[in-house]
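Taking the form predicted alone, here's one chain by itself in structure tokens.
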């Protein structure tokens, strides 16, 4: 089977429920070039090498003109967010965000949310009382992380629902375009409009926080004058707050939903977790390997010719990394297609690696651990209504769009 056929099938919605056989086929040749241009890298050690290679760029402005396949997917009126930049610009913006979010300047920001996160989880599950069936996505997996990230950033609760549409639309920007030229243009137009609406909203919120700061990340960014480097400009804040709002919940929705789906497919493991809640810590790590919420990293390019696995990737080429395939590489993980919560040495790509390692990983881990442990504890005899469930169309941020679950009652 050719790389072209495999890439097309990976992106084909018909294979969204189970892309892993296609990844196994792709791994037969660690580095291949698709006829449409991108180089695909699918094996663990090669992905790890490239994610740590300074010759690999996250700035699509470094793509050769012939490697560009479509219009810009971000807001053309704003600078790129830090994950779309290379050092030193990436490093400056990441440091400024970490000043408000994590060590050493804000070491307890995430830890301090532990009680509030537990309360949100309990409150959402309490709403299941008197019901025999839920849609985990609509009733839990979406409202939970969007509530958490909005409270962390300082978005008023009454505005949280507005982010659902914006986030869903903007997140589709990393999906390769499909459909007729008119349909593709309508797709990009909707993305640009969502970017503009979100930027207008955030601009007003930033100005409010400058005048009256609170204990939240938007206030911290809006009032940070920069100790050792220049503070963020307003356009930089808008780009990076948009990133945090979307990345802070879209991926966690998938992690929790994929996690519950996996547990319901492995009832013995679900029983183990109910008997031993501490198992949730290694279990979430195995979920990040087994069913990662981010399957593909499609927007990379090369700053120089790079030789890897016997193939030379030329400067300016479009580079796609497939971390979900690397996570199933038998050269790195014994029995990679088995879900083993106590798997040793589980250095997965669930949060990436290298300078772009996910800054939200401590929060995502805490959310998934709290959610899954409590869902398993409180739902009596949970079971899938349909398997496979309907999936979202996005091949990059892969997860069920709905997950109907039946259950017999609710424990306190």
Partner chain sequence: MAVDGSVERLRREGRIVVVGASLAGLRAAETLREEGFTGTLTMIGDEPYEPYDRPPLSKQVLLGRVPADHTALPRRRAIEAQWRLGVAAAGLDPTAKRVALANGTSVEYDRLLIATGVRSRPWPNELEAGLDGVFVLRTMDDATRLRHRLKAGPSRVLVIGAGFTGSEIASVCRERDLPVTVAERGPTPLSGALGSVIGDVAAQLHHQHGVDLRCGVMVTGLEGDGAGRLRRAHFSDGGTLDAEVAVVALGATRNTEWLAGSGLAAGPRGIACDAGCRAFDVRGIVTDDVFVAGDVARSPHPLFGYQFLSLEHWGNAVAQAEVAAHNMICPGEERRPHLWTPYFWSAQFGVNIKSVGVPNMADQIIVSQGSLGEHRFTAAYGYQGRVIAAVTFDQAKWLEFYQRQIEQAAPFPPPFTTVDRRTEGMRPVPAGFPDPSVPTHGPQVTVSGHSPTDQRVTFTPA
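Positions refer to the first chain, counted from 1. Model, not experiment: these values are computed from the prediction.
Below: the form predicted together with the partner chain, not depicted.
**Student:** Quick one: in the model of the complex, does every one of 88, 94 and 355 get a heavy atom within 4.5 Å of the partner chain?
**Tutor:** The answer is yes: all three residues contact the partner (heavy atom, 4.5 Å cut-off).
**Student:** Can you tell me if residue 56 lies within 4.5 angstroms of the partner chain in the model of the complex, counting non-hydrogen atoms only?
**Tutor:** Result yes; residue 56 sits at the interface with the partner chain in the model of the complex.
**Student:** Decide whether residue 228 counts as a contact residue for the partner chain in the model of the complex under a heavy atom distance cut-off of 4.5 Å.
**Tutor:** Taking the distances in the model of the complex, the answer for residue 228 is yes, it comes within 4.5 Å of the partner chain.
**Student:** Considering non-hydrogen atoms and a 4.5 Å limit, does the partner chain approach residue 303 in the model of the complex?
**Tutor:** It does: once the partner chain is placed as it appears in the model of the complex, residue 303 has a heavy atom within 4.5 Å of it.
**Student:** Contact between residue 28 and the partner chain in the model of the complex at 4.5 Å, heavy atoms?
**Tutor:** Taking the distances in the model of the complex, the answer for residue 28 is no, it never comes within 4.5 Å of the partner chain.
**Student:** Heavy atoms, 4.5 Å, the partner chain in the model of the complex: which of 199-207, 231-239, 142-150, 94-102 makes the cut? Say which one.
**Tutor:** Every other range fails; the passing one is 94-102.
**Student:** Note which of 347, 361, 49, 36 lies within 4.5 Å of the partner chain in the model of the complex, where distance is taken over heavy atoms; exactly one does.
**Tutor:** Among 347, 361, 49, 36, a heavy atom within 4.5 Å of the partner chain in the model of the complex occurs only for 49.
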